[in-house]
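Next comes just one chain, in structure tokens: the form predicted alone.
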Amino acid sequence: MEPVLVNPYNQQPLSEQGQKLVDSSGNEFLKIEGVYKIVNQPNYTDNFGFQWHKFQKTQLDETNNIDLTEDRFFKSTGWDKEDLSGRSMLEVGCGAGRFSEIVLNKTKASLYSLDYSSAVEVNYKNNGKSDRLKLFQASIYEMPFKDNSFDKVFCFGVLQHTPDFKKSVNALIDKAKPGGEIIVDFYPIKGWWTKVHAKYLLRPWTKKMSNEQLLQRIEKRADAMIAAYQWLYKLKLGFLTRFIPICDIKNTFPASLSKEELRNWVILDTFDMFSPEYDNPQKIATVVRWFKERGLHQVKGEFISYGGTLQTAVVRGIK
């Protein structure tokens, strides 16, 4: 059974009428560029809309002839491709659609995907040809779906950028069916040194810059920062790279990237590092506890390795 769409502001069922969703009170949400606009105004995620309109295909496996996102998705979820056939799946925080692409190309699940930013429009450009994809611009706290609707719910690389990490986890759990599975990954707190990092030292200033100004500064300094990062690793002083205002190249990107591809990925990820309004990493044990507090079972939190040497913090549970 397909998930029931509801107006998140009054919980009335929504019906599809041409290029809009309508509730019984006559409230309407338009479908624009393939996306149902539950929200359509500036918000704290505007930086993500900006970056994904600029870097529309940078992280897509199909475009780059790699399997990095596919490897991360299936190792993080542990899901079987065949078992997902006909399942209803909710993706929260889709960005440009790197994980949407995997779900649509590698499984036969029905995917409901949303993002609070205009990045969801890029997802439509990248993946909108599939009739198994429905896209929404909406807040994680005001999703247009009835509770207990989805067989699978996942949210990757997003929770630390929401205003309230725990509230966001609960919002995801609400949308899963009893027996449904929820899987998240996020920036982890590994120890006291996690926030002794250029990202957290400079963010009070960088997040106040305009998107254009921040991107220009990163582009201008990218080559010098990459060289400094690589030089420190050659000297076996890699621990000092945390003080260079650049993303973690060694533990983030596949080694197969060309020099130009690496530069492009570095600019994207460094912008992603310094631009968000919120950046709140969590301990894996804390997120596990939140899952258990909601009564989820078979809860497990761990670091998952993918793409050879890369890692992500993952928590899974069944409702």
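This one's a predicted model, so the numbers in the text were calculated from it and none came from an experiment. Numbers follow the displayed sequence, beginning with 1.
Only in words, not in the display: the form predicted together with a small molecule, which the text now covers.
Where, among 190-198, 220-228, 135-143, 102-110, do residues come within 4.5 Å of the small molecule in the model of the complex by heavy atom distance? After filtering at 4.5 Å, what remains is 135-143.
Looking at 124, 165, 79, 156, which has any heavy atom no more than 4.5 Å from the small molecule in the model of the complex? Contact check passes for 156.
Only one of 152, 175, 203, 161 comes within 4.5 Å of the small molecule in the model of the complex by heavy atoms, so just point that one out. In short, 161.
Heavy atom of residue 70 within 4.5 Å of the small molecule in the model of the complex: Looking in the model of the complex, residue contacts with the small molecule do not include residue 70, since no heavy atom lies within 4.5 Å.
My question is simply whether residue 114 lines the interface with the small molecule in the model of the complex - judged by any non-hydrogen atom within 4.5 Å. Residue-level check for residue 114: yes, a contact with the small molecule.
Given that the small molecule is not shown alongside this chain, does residue 275 nevertheless sit within 4.5 Å of it in the model of the complex, heavy atom to heavy atom? Residue-level check for residue 275: no, no contact with the small molecule.
Quick one: is residue 45 in contact with the small molecule in the model of the complex, heavy atoms, 4.5 Å cut-off? Looking in the model of the complex, residue contacts with the small molecule include residue 45, since a heavy atom lies within 4.5 Å.
Mind checking whether each of 290, 296 and 316 has a heavy atom within 4.5 Å of the small molecule in the model of the complex? Per the other structure, none of 290, 296 and 316 touch the small molecule.
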